[in-house]
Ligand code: DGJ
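Here we start with a single chain on its own, the form predicted on its own, put down as structure tokens.
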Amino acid sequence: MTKTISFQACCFAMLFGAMTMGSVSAQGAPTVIRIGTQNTDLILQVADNGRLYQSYFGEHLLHDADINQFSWNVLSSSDGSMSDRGWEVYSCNGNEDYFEPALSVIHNDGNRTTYLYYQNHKQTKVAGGVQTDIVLSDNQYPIEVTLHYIAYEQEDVIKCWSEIRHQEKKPVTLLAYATTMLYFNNPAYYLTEFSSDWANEAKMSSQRLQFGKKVIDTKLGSRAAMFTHPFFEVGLDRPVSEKEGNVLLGTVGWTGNFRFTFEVDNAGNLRVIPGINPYASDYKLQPNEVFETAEFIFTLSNQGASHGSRNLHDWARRYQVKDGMGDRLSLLNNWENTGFDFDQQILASFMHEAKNLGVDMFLLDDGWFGNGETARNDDHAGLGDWEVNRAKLPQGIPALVDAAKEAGVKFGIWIEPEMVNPRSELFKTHPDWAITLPNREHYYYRNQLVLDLSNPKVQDYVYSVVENIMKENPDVAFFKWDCNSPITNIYSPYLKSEQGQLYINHVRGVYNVFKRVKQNYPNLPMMLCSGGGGRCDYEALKYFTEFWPSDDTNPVERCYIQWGFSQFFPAKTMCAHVTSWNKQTSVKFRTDVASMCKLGFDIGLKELSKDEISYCQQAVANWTRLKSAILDGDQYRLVSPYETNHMAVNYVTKDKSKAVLFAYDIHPRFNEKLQAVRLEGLDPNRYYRVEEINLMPGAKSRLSSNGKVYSGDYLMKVGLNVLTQGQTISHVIELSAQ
């Protein structure tokens, strides 16, 4: 049995079992490494066996002297002897732990056991915080692991990754290569996961973690987050709540196969192991080659998930997302209007509609490329042949750019450069550039194959798709980059006998292309798309300004989708478009739901009435005017669609001078009891004027609070009566400090 020494629950102290009190330096002090933010401490310590353990992960400790005061758990083995088993930070296969390791290696002599011992560490200031680098190595094999952590002080976010290298005579085989391990000692653990499918993304569900392992992973290669998303929440002691309780929010930055392992051991401790999924990826690591794991980003909140989300939103805008502090373009897309059926004249008319609507840009979607037998008139042909379709667009992209300028809007374009249709000139010329089985009949997802980005020549080709468009048309203002297929026919003609490298080297090749695009076009906004939300990770978002959460634009479903994604991503990264999905709802409701994220339209003005057009124009103007609150302010999730028949979210500018409340009645029950919506994040000592905006022409607000002035204290404690018993009714409220 493990004897547990209790600490205050609010600190949820993390103790590890070790044989003695910990290593002592020549000066008599234990080797302690503090990785801290303003509200959180992760404390690591070297035991006198020379190995690195987690001793604490919880609320920030006020007194530096306290970090040396921890008592260790001691584990007795069945024969009464003592064991070294403890909470090792980077536990390896073959040691005395017996539970899931972070690292598993086959050495040159066939030995599968690795022990890592502390060598040194350093801490340096970086943008936003402090980076800690810890070097560990084996004392029997020349293998070294460097653990990297960046603690962002103000945002209470920690980002970590690891580097693995060796100097054995021949390659070693990596069987597992997680990013890190985190440990918890609490009475109970509750996991919230985010499952997905096409048009059903970010679906939240919760369960209690019991003894054993719960694994969330993906094996799709590309479009990797199609079935499950690379983020999670763990409630410590109680299920995850928006406003209360201790919650870990974690996400991995890897645009490929990922895996989260949650393991509750025999003593009731939880270990969380995030990283790249080693499925079918026994990686041959060459001598002196550096294997870099995926980044793991996490925050620990003692005020519920909503507070943790704001930590991540601030961190992402400031340090991770491309142009995270910059502006975003509203747009009109043609896809829901035309599909593949359009010509230059039709597109030019949409550009004038975009200008009339008041958005910044027109975005041309799929179907503009390929000629002859490989013309892109449906999804069976054309991918790979990125020459403009002369039958549809005889004057090419330059004429479209000119037409957009004439209309007074910017021009953006859709591409899917990582994919190829078998019916394409590219596949005829370079069949070996596609991931295809050499000895079996091919099988296809969406009539296409994935190009082999482990091949440098393919990387050059994919990059050239962007470069060729931009060289001819330097005024193209936006790219929507799609990725509609997982990897099928899993074999790389380029890698040949080293197929264990495919999944990893393919993703690295994707990043090589992304990096080149960002380096050469640093100010080019780009949308990350993958059949909807199949790509939604913070590594890809280093190169993209935003992502497309779902092809499902039904506003009712979008309430749930946007609620789920907002747990980890700020509104300015989440594209939301007004379309014709669910015409039973009003244009106002559809627009108000889209307005809580990065607003766009994919609807023809010809199908709207005069009043609906007027409403949309006003809604765009309001959204543009309030972007400082919606896109860059603090988000507070107030009423959950998972718990009620309604949803409400408010945003507040950093100076608390402006706020926007979005309230949605989804499907209320007959005569159900309604509650006032209490806002959050306001200044309790300031007064705010309440004004309902986004009203249909001629309509007047029916809210009793409209036009009145209330203190922030009143609005947060008493609230506003903005929910109704109507079906799919929405209210947008602007609050202005007086």
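Numbering starts at 1 and follows the sequence shown. Computed from a predicted model, the values in this text were never measured in an experiment.
What comes next is about the form predicted in complex with the ligand, which does not appear here.
Checking a candidate spot here: are 186, 237 and 270 all in contact with the ligand in the model of the complex (at least one heavy atom each within 4.5 Å)? Not a single residue of the candidate spot has a heavy atom within 4.5 Å of the ligand in the model of the complex.
Please identify the residue among 138, 242, 557, 551 with any heavy atom within 4.5 Å of the ligand in the model of the complex. That would be 551.
In the model of the complex, the residue from 291, 414, 115, 461 that sits within 4.5 Å of the ligand by heavy atoms: Going through each option in turn, the one that passes is 414.
Determine whether any heavy atom of residue 335 comes within 4.5 Å of a heavy atom of the ligand in the model of the complex, and answer yes or no. Yes.
Do residue 484 and the ligand come within 4.5 Å of each other in the model of the complex, heavy atoms counted? Residue 484: contacts the ligand in the model of the complex.
Please determine whether residue 529 contacts the ligand in the model of the complex, using a 4.5 Å cut-off between heavy atoms. Residue 529 belongs to the contact set for the ligand.
How about residue 365 - does it come within 4.5 Å of the ligand in the model of the complex, if we only consider non-hydrogen atoms? Close contact exists here: in the model of the complex, residue 365 approaches the ligand to within 4.5 Å, heavy atoms only.
Picking from 365-373, 461-469, 646-654, 150-158, which part of the chain touches the ligand in the model of the complex when contact means heavy atoms within 4.5 Å? That would be stretch 365-373.
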